[in-house]
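So this first bit is one chain, no partners, the form predicted on its own, shown in structure tokens.
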């Protein structure tokens, strides 16, 4: 791929990200994305043959920015409790910056679960090491004897749910005020960490 093609793809991905955030996967139109990128629709289809392929590219781009951070974190010498705090902070941050991700995953799970499984399987290579470190912390008496998979899934669920259920939570608790809800999402980083820490870590006397 030459520099011109690379620049064109990045321009399209940037435009697509903006439209997907505003309209969601279902509401977005290829013509809108082309207009946002300042190109014609034929050129958009040249680079990405369908909205589905474009959405996958945007999705993977977001994950590929996040995964190196997590890999460095998992392989660092930081205490595990600090790793957990940074992981939660970074994970919620990436979803705040890419709020279409949870909806995309749910949509794909409903429409084509096998494809979603294959897509995610290739993106979560750090999970076994993360689980191994959790297991070691349990053996060391730092963490209560839980199934490490339950700990990880519970942590991810607590991070993701406010994004998946945003319309309901916002309507019930925030009178549909987006600004207040965005503050709540930032506060969620500390709330999830404190909850998980209290639930799994053994407090020393």
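All of these numbers come straight from a predicted model, not from anything done at the bench. Throughout, rigid core stands for the largest set of C-alpha atoms superposing within 1.5 Å between the two forms. Residue numbers count along the first chain shown, from 1.
The same protein also has a form predicted together with a further copy of the same chain, omitted here; what follows describes it.
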Is residue 17 close enough to touch a further copy of the same chain in the predicted complex, meaning at least one heavy atom pair within 4.5 Å? no
Can residue 198 be called a contact residue for a further copy of the same chain in the predicted complex at 4.5 Å between heavy atoms? yes
Looking in the predicted complex, any heavy atom of residue 194 within 4.5 Å of a further copy of the same chain? yes
is_contact(residue 115, a further copy of the same chain) in the predicted complex, heavy atom dist at most 4.5 Å: no
Non-hydrogen atoms within 4.5 angstroms of a further copy of the same chain in the predicted complex: do 144, 174 and 184 all have one? yes
Students should find that, of 60, 30, 43, 164, the residue having a non-hydrogen atom no more than 4.5 angstroms from a further copy of the same chain in the predicted complex is 164
Have a look at 131, 96, 86, 119 for me and say which one sits with a heavy atom within 4.5 Å of a further copy of the same chain in the predicted complex. 131
Heavy atom within 4.5 Å of a further copy of the same chain in the predicted complex: which residues of 11-33 meet that condition, in order? 22, 23, 26, 27, 29
Would you say whether residue 95 is displaced between the shown form and the other one, judging by a C-alpha shift of 2 Å or more on the superposed rigid core? no
Superpose the two forms on their rigid core, then report whether the C-alpha of residue 163 is displaced by 2 angstroms or more between the shown form and the other one. no
Inspect the rigid-core superposition and answer whether the C-alpha of residue 196 shifts by 2 angstroms or more between the shown form and the other one. no
Checked in the predicted complex: CA of residue 112 to CA of residue 19 differs by 3 Å or more, atoms lying closer
Residue 168 and residue 26: do their C-alpha atoms lie closer or farther in the predicted complex than in the form you see, with a change of 3 Å or more? farther
